[in-house]
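One chain comes next, on its own, written as structure tokens: the form predicted alone.
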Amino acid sequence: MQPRPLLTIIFAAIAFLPAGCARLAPAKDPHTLYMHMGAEPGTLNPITATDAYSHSINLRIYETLVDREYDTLKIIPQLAERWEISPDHLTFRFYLKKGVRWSDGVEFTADDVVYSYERIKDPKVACAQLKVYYIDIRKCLKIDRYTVEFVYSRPYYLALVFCGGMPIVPKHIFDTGVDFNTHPNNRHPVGTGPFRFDSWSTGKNITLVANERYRGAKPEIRRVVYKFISEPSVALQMLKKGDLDVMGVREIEWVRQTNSRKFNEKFYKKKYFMSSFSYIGWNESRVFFQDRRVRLAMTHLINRKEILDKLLFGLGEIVTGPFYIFGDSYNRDLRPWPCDPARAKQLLKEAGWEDHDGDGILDRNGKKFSFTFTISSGSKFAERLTSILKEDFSKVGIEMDINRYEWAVFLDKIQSRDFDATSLGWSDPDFQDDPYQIWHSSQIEGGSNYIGFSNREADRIIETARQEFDPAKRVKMYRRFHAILHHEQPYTFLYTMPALAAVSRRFDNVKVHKRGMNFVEWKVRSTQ
């Protein structure tokens, strides 16, 4: 349930549309769902995975102690049948469901919960993005085979969400003396969810099949094939041919390439907002972006409204901070910084960046303002965005090169802080507000604070808000935190964009939920 990188569309809250009048030709296997995936996951270990591609697959394989109801977001039992919380909010005891089986037939017990917690806390395990949510847990105890208890050192208003939503892996699979980070089962997961892992064809697809040991209602979809297709136009053609059933479509495809009567007879078109935003991150360890005035100048040089209209067809909303734009924590008193090149030049001059040697490039203390913008080679938006930025920055004497990397290499560059500037996004699929993972200064080394933002007041707010159980008081803190980010501009916040999805009409019961679209509940339409 932790915030995760927005690396692909996470299907969510999609409205049910009535079926079209055209009769669909029967598929070779009507109970197989073919889903588009823009890149290949690095791992299917839910503890070490950091990207949304892995998350979307693991969501169907693994389960946690508690879950969220899809419409209300209310916490509901999953692997736990019930729980007790002490009056001081420090002790959480979970009573596990009995008879739950991992997909290989071994029973799920408290040992699996304790083992998973110990791996998250293990400094040798590469899961910095998770560790921040468990720093206040003093111990995780096995009370008996079906009872486990978490004891906190101090209250945390999201404690139930995170100890109950902790990723759990099977101890009997992983506790073999093999390095957890590179364990073979990271590519061959064993879970308790409605689907089990079947195969992984590197560079091509991952296939799941219905888990015959799953204790809940059996889904009508019996097989799911995630196809890796990096080129969106190729994926769209495959969708139209019937080789894919579900894919997120780009803005240009939504507006110009999926509006025909024929397309709408074969597919539902779904548009919905999640808690997510895109951004340009300025690495504050680089000399160019250490000064707040320079970061603000860069924002003033970017015409976000024009980019939104030209590249994204006006479908999104410009944002000023990290919270869900329609949520209480979002500070609506803040207006986006305008595109103002004159003000940008003034700020750059105040920060010491001028063209002292007359070569057309700004410089300071003999160093030219020449930096590299790092992007994923598979992102059409990033490609077009950086082309615009390169031209606009050059008009004021800033030289920008563009480095393009295949997804896995790109992600490694970002996580190792080996970049000057980049464009990415964050998604919070459970609509939580805790900004610790991305913004606390402790996360600069090894965490998700990739751009090196550090602010004492911001740290204090983040820490204090974690222990505030009064929503009104916590919202007030987060709005102040939002204002700090708006002033400091560690990111140039770009947009919150609606997810745009196309789904084959050979499925019924394709409902919209606040939390997301759940294909486990879809029905295979009869072709009779």
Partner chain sequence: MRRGYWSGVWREFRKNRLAVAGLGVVLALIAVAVLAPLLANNRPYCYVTEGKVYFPIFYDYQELRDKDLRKDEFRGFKIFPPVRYSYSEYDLNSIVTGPGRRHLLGTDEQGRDLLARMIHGSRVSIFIGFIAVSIYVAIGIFIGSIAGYYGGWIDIVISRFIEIVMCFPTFFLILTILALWGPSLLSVMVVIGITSWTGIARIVRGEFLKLRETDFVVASRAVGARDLWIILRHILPNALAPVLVSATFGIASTILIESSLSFLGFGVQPPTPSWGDILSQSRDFMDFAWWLTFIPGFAIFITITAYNLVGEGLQEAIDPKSPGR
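Predicted model, so just to flag it, every value in this text is computed and none were measured. Numbering follows the first chain given and starts at 1.
The discussion below concerns the form predicted in complex with its partner chain, not included here.
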Inset, instruction - Tell me whether Ala80, Arg145 and Lys218, taken together, all sit within 4.5 Å of its partner chain in the model of the complex, counting heavy atoms only. - result: no
Inset, instruction - Go through 426-434, 227-235, 166-174, 452-460 and give me the stretch that gets within 4.5 Å of its partner chain in the model of the complex, heavy atoms only. - result: 227-235
Legend entry - Residue (of Asp418, Glu265, Asp328, Asp359) lying close to its partner chain in the model of the complex, criterion heavy atoms within 4.5 Å: Asp359
Legend entry - Candidate from Arg343, Lys271, His188, Lys395 lying within 4.5 Å of its partner chain in the model of the complex - any heavy atom: Lys395
Inset, instruction - Evaluate Glu306 for contact with its partner chain in the model of the complex, applying a 4.5 angstroms cut-off between non-hydrogen atoms, and reply yes or no. - result: yes
Inset, instruction - Answer with yes or no whether Tyr405 is in contact with its partner chain in the model of the complex, where contact means some heavy atom within 4.5 Å. - result: yes
Inset, instruction - Using a 4.5 Å heavy atom cut-off, state whether Glu391 contacts its partner chain in the model of the complex. - result: yes
Inset, instruction - Using the partner position in the model of the complex, report whether Glu354 sits within 4.5 Å of its partner chain, counting heavy atoms only. - result: no
